[in-house]
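The chain below stands alone, shown as structure tokens; this is the form predicted on its own.
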């Protein structure tokens, strides 16, 4: 654990639009330096993606980028981040992904030169490694094209590098469905952390060679999977809330390897990273309903520096194509937050309080994202002498916060949810902090047909 103290120690300072370590991009966006910018996330409609359809794919992204930036110009936007989150085939065949980045970058540069609209492209190759069964995190054939897209895409204009890494997912999915917090923490604080060190060492090398920024990782495939399962009432909301906190230490590894932010939006670890490391963060909430439902529509914006929408398909709506429509929605949200920033800290805290209070009492997943909760949990995380201890201490604090809020009538929970407070606390307290002992405890309980432990450096 690199971080032993918090960059932001007071919940009042964990606010949208400002962070101790803002990031300046190549076209002049200062993210976290006094303004919230929209980050538009988009994807293709249902079409075939292959080398044969490359030009059709590129045309879609040309239309998406032009439509969004034209609307941003008309709305007097002060800047936009566009996230290219690739589909499988665009990473499997890097030439497709690189062609898309190049086309988008040419349009971004045109709007920058002609209209003084600063934009940047976040390049997020999808993690192909999970498509080996069992996954081969270090030796599989999927790693090379993924890293090729990172490097060639960075040279083509992908100035913020990010990924939704999947190390440990072969264990976490079953752990979530069975509500096995011990195995879930193993997937994050042992497998996830080990994989993050391996992967972000490589991404840092690419960033160093190409001169671009490392945005960061996201545990979307873990924390958001838990949230979606809870929304569908497959698992308890309390379990999903604690699982969210458990993902923080794995994502922090990217920052330890030099990721400066803005981190990627869809894992919701951002507030904790901002508190611990002071980096700018991207968050999503109500405008992510196109991709998934959530209980954190407003509170997610409480300390964001980029405000995102998750992935929306390029389909025609009554007003226009969906990415253009979502750009408008994001821009108006950012206008409101930026008015508060302009008026000063008191206005920011008042708006933040409304965002937080509108969600916090309805779901423990919202409660753990409140600035006060984030600071308390983050203080426990940095006490950890290793990743397992940091993870467990953060999770125990989240259980304590949930329990206290319920007892003070500040959180609504049904009787079935309540039983999980003591169950989770007991399970967490039984986890050994020593990694060797934790591995010896958990490995015999795993389905050995689903995991190759040597792919994580475990013998």
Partner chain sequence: MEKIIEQIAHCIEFGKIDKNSPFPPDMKGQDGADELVKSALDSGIKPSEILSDGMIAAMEKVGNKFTQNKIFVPQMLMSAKAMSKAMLHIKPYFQDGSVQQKGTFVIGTVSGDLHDIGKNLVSMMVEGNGWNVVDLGVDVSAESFIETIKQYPGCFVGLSALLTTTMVSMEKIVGEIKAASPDTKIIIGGAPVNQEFCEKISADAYSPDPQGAVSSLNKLLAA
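Note that the structure is predicted; figures quoted are calculated from it, not measured. Residue numbers count along the first chain shown, from 1.
In what follows, reference is made to the form predicted in complex with its partner chain, a form of this protein that is not presented.
- Although the partner is absent here, residue 271 is not a contact residue: none of its heavy atoms lies within 4.5 angstroms of its partner chain in the predicted bound form.
- Its partner chain in the predicted bound form comes within 4.5 Å of a heavy atom belonging to residue 130.
- Its partner chain is not drawn, but in the predicted bound form it has a heavy atom within 4.5 Å of residue 47.
- Interface membership of residue 321, defined by any non-hydrogen atom within 4.5 Å of its partner chain in the predicted bound form, is confirmed.
- For the three marked residues, 173, 177 and 229, a heavy atom of each sits within 4.5 Å of its partner chain in the predicted bound form.
- In terms of contact with its partner chain in the predicted bound form, the residue from 225, 105, 148, 260 that brings a heavy atom within 4.5 Å is 225.
- Between 93-101, 310-318, 372-380, 112-120, the stretch whose residues reach within 4.5 angstroms of its partner chain in the predicted bound form through a non-hydrogen atom is 310-318.
- For the partner-free chain shown, 416, 417, 420 of 406-432 come within 4.5 angstroms of its partner chain in the predicted bound form, judged by any non-hydrogen atom.
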